[in-house]
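Before any questions on binding or motion, here is one chain by itself as structure tokens, the form predicted on its own.
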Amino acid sequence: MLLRSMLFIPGDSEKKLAKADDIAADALILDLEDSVVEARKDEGRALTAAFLKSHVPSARKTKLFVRINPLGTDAPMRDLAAVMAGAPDGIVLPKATGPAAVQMLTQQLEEHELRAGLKHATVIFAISGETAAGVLATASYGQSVLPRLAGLTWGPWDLAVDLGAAGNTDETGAFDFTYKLAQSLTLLAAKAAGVQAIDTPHTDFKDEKKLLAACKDLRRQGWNGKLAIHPAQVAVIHEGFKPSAEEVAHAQQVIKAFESPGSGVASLDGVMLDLPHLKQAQRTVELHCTG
């Protein structure tokens, strides 16, 4: 389940939910948290539950996730009680403070699945980098047994609020060091845990050129995908996470160079190659075939 793009849709927007079937994102995140004001939480739960039930798993064109409210109040419990009968493919856990939060959610999901008679295990995507505690706990994901954890992402805006910061970027528009650190720790934690690393949204949804460049750079670093906040971003994200024709051609040459049996090294155009180069090439070809 490679998720290059995960698009947020407000769970209380009947208009936007009605257009969801036309969106080619790898996953849709029906949001019950930040994009839904408190006065409309119940309306959001009802609309999200109805949408899920009208899109049975066997007929879904894309994965359907639900972002619940943060643990610590009765809000996420009410979210799960409303939506789990609709068999969401996954739950997005905001402001995750570490593996213990994922384990707590896992127990709740097991109870709801049993009650609803669901036969599949609902996966969890944790937003680990939205609080100071969450960022500091990222290293623990790779040391924990979390069979439902499928991905990690981060959120620089909530993190800035948690830190009491006036902003999270410098005069050039680049993230300050603290937020770059949170981003890097999220990537490392995801890879250590063997799950997907999904980057935070690009908020300027009209700047497709900058988004494309960012996605290409993210793929180069090892990220698997990116969150989206506007349908127009989906195609750009997919393009950015697709290897170029030149990269694919080079990768195929590298793979061919290792075809001689019994050799752990090879050469190509005067450059010595070893097994990490082969693995990178195989990954590039795999991504090309997936896209």
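Note that the structure is predicted; figures quoted are calculated from it, not measured. Residue positions are given as counts along the sequence shown, with the first one as 1.
Although not depicted, the form predicted in complex with coenzyme A is the subject of the following passage.
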| query | finding |
| --- | --- |
| Contact test in the predicted bound form: G240 vs coenzyme A, heavy atoms, 4.5 Å | no |
| Contact label in the predicted bound form: L273 to coenzyme A, heavy atom within 4.5 Å | no |
| Close approach of I23 to coenzyme A in the predicted bound form, 4.5 Å, heavy atom | yes |
| is_contact(N69, coenzyme A) in the predicted bound form, heavy atom dist at most 4.5 Å | no |
| Stretch in contact in the predicted bound form with coenzyme A, which is absent here, among 108-116, 169-177, 204-212, 73-81 (heavy atoms within 4.5 Å) | 204-212 |
| Interface residue in the predicted bound form among A235, A50, V248, I229, criterion: non-hydrogen atom within 4.5 angstroms of coenzyme A | I229 |
| Heavy atom contacts to coenzyme A in the predicted bound form at 4.5 Å, residues of 1-36 in sequence order | L7, F8, I9, P10, K15, K16, K19, I23, D31, S35 |
